[in-house]
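Single chain ahead, by itself, as structure tokens, in the form predicted on its own.
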Amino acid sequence: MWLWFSKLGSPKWFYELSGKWLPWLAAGMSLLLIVGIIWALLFVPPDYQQGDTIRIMYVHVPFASISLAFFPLMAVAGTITLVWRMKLADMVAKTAAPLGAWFTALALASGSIWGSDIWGTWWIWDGRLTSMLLQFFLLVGVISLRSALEDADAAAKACALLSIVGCINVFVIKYSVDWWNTLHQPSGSFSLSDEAPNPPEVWVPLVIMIVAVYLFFVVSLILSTRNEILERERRSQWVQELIGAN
């Protein structure tokens, strides 16, 4: 196990292995995105209250869901960086922050579009919306902190600590609708239970879109990490050989 763990921390090993994964992950992502988007736009019946506005759910829910994964991912990568000094872990943490900011921004934007119809306003200081906006600013803060510090090791440690602290806000986002009386619907409002069943033509495309967006995140993270590896390891022999072979 420790041998595998040490290999996983090797930028060269990750670069070579991820190159084999990428075509399969990209193919699965593309297929699921096409199926999910077509199903959501053309075959999902209008909601009895929201009408066709419900189709925004198939974009907003996947982006909102995946946006909660970034700070835990960065915290784990940051912890590995602090404890075991693995270069690859810091590379993942660095590339995850801007991706997290983009995904969070898309979740906020799609939520505002949805809210403009069902709430009658583009923005309200709802508990979940406010805590999600705070997450966006925290992610921008991580990006800015790394850019502001010239010492790479100091930047990695500072960003790791901020990422660990930022995980607290993930719990606030998750449970904000339970802690405060807000307009945002509770997490369990979309149910597959017998008490409030949603027909398969409604929840199946949502599941497909969630998986597709998660694959999109994985592909984006791998591509960004591979670029970061080439940038940091550009003077190493294996990168020089790779460039020469191409």
Partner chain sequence: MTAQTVTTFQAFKATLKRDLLIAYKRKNDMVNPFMFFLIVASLFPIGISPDPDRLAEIASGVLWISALLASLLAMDNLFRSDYEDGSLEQLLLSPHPLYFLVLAKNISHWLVSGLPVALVSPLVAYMLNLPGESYFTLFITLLIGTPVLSLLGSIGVALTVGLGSRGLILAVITLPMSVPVLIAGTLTVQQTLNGASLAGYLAILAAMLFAAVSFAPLASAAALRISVK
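Note that the structure is a prediction, hence the values are computed from the model and not measured. Residue numbers count along the first chain shown, from 1.
What follows is about the form predicted together with its partner chain, which we do not show.
The closest heavy atom approach of residue 123 to its partner chain in the predicted bound form falls outside 4.5 Å. Within 4.5 Å of some heavy atom of its partner chain in the predicted bound form lies at least one heavy atom of residue 176. Under a 4.5 angstroms non-hydrogen atom cutoff, its partner chain in the predicted bound form has residue 149 among its neighbouring residues. Interface membership of residue 141, defined by any non-hydrogen atom within 4.5 Å of its partner chain in the predicted bound form, is confirmed. Residues 154, 165 and 172 are all found to lie within 4.5 Å of its partner chain in the predicted bound form, as judged by heavy atom distances. None of 86, 134, 75, 105 but one reaches within 4.5 angstroms of its partner chain in the predicted bound form through a heavy atom, and that residue is 134. The pair residue 174 and residue 131 is at least 3 angstroms closer at the CA level in the predicted bound form than in the present model.
In the predicted bound form, the Cα-Cα separation between residue 174 and residue 130 shrinks by 3 Å or more relative to the displayed conformation.
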